[in-house]
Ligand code: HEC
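Take a look at this one chain, the form predicted on its own, written out in structure tokens.
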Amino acid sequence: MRIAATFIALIVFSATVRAAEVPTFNKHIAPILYQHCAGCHRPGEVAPFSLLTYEDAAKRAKLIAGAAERRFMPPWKPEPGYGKFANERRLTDDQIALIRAWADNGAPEGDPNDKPPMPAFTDGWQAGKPDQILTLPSSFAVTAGGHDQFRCFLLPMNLDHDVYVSGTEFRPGNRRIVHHALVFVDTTGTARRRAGNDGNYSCFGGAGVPGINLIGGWVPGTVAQPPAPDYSRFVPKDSDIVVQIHYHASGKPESDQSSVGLTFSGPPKKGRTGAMVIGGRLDIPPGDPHYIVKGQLVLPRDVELTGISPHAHYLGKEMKVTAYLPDGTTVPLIWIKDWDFNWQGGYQYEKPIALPKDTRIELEYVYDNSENNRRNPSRPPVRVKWGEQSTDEMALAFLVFLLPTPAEAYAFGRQITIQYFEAFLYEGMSIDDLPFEIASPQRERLLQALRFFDRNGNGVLDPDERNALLKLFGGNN
């Protein structure tokens, strides 16, 4: 329907153009490119060519029009009408029709006086100079071709005291090959042991260690957010920063030495915490083109939702997350019809969404494990279950919530963790099936409790054992 609407808009717009003026680069096209495309399509950035000048754009007019009509560029996955997000890169149907009319009429340059000012881009740290800058200890080499690489780098903070982090900014060293990055803090030392003497290790989908917390990220076009002291995050001494970087080849040998900047402040005055909606046990048969998994999370108190990050791997095809309020109202949170792992991202809502206690947040993801899925990493397809590897799958939606106080945020997080335990235990799963993303202290505590309450030693709690365990965890809410 959306493609048909775009072509109808093109026909109507083209008729209007014939009756009025032919669009020009300076008056009509440059404003669109500068707003939606120049963040990536400029010298030194990840896109393969610049679109800042008329000469750059005119010789690619047909290519630009086709990519816009297919919604391939600019890359923006969420469907319109399913969440209103800040900094949306989605083009309107009229803008797409305008670009096509310009390309079909010879891509004229137009009056130089109509050209808008060249966009200004901030060099260096966009959110101000950080209090601590951590840089990859050495350049990481990326070959001219071949498969994309997902690499985790250990960056020790080397602090002898606890801190509160109020701002995180990732600065790519080589934007031609850095596709995106995720920044984590590890308070357990697990990543340090995994990285070993090399200081890095192969990873996919996340940092690949339990108990690690996501604190920031970067994709091309990201606008660094200023520090938020009211929502600062406690980070104990001896913690490590772990950066997962997705590299892709540029056609020639390259190297990268990216950095992370951290801003410190005092303790938080308000509460901010994360939670996940987790899909059920994944068991995707080979050849299945439409495997559906669902999951839900019930909010134990009133909150404001500020951001969402859907996550799956290469078999993911479609994902939808919806909030069902106690009064029966439905609030669409996000819908992605053509999931692509290479263009995943975190999405901030234009305004926080108020969600009352007992709101049910549901996810429904669709997976394609057939040979027709061009992104399927297995040929022929194989059975796929939950896991961290690229050949495994996940069904997650990361959510960011605001609460009035840090104490309420802590209590909210504890209540959510209990829901995770209940869901997995009641599905007959063992504790080893819990995702790595669940916080390490709770995971370790539950492991110890499982060993204690699993009186028959079968690795799965029977109903009486399970109820006793949940009473232990829920007794201090």
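Just count from 1 along the sequence shown to find any residue number. None of these values were measured; they are calculated from a predicted model.
As for the form predicted in complex with the ligand, it is not shown, yet the points below apply to it.
- None of 313-321, 236-244, 193-201, 74-82 except one has non-hydrogen atoms within 4.5 angstroms of the ligand in the predicted bound form; the exception is 74-82.
- Put simply, of 172, 274, 220, 208 only one has a heavy atom within 4.5 Å of the ligand in the predicted bound form, and it is 220.
- Though the ligand is absent from this view, in the predicted bound form it lies within 4.5 Å of a heavy atom of just one residue from 215, 403, 91, 293, which is 91.
- Contact check for residue 164: no non-hydrogen atom falls within 4.5 Å of the ligand in the predicted bound form.
- Taking the partner from elsewhere, residue 48 is found to have a heavy atom lying within 4.5 Å of the ligand in the predicted bound form.
- None of the heavy atoms of residue 59 is located within 4.5 Å of the ligand in the predicted bound form.
- Though the partner is left out of this view, residue 416 does not reach within 4.5 Å of the ligand in the predicted bound form, counting heavy atoms only.
- Residues 33, 36, 37, 40 of 24-40 are found to place at least one heavy atom within 4.5 Å of the ligand in the predicted bound form.
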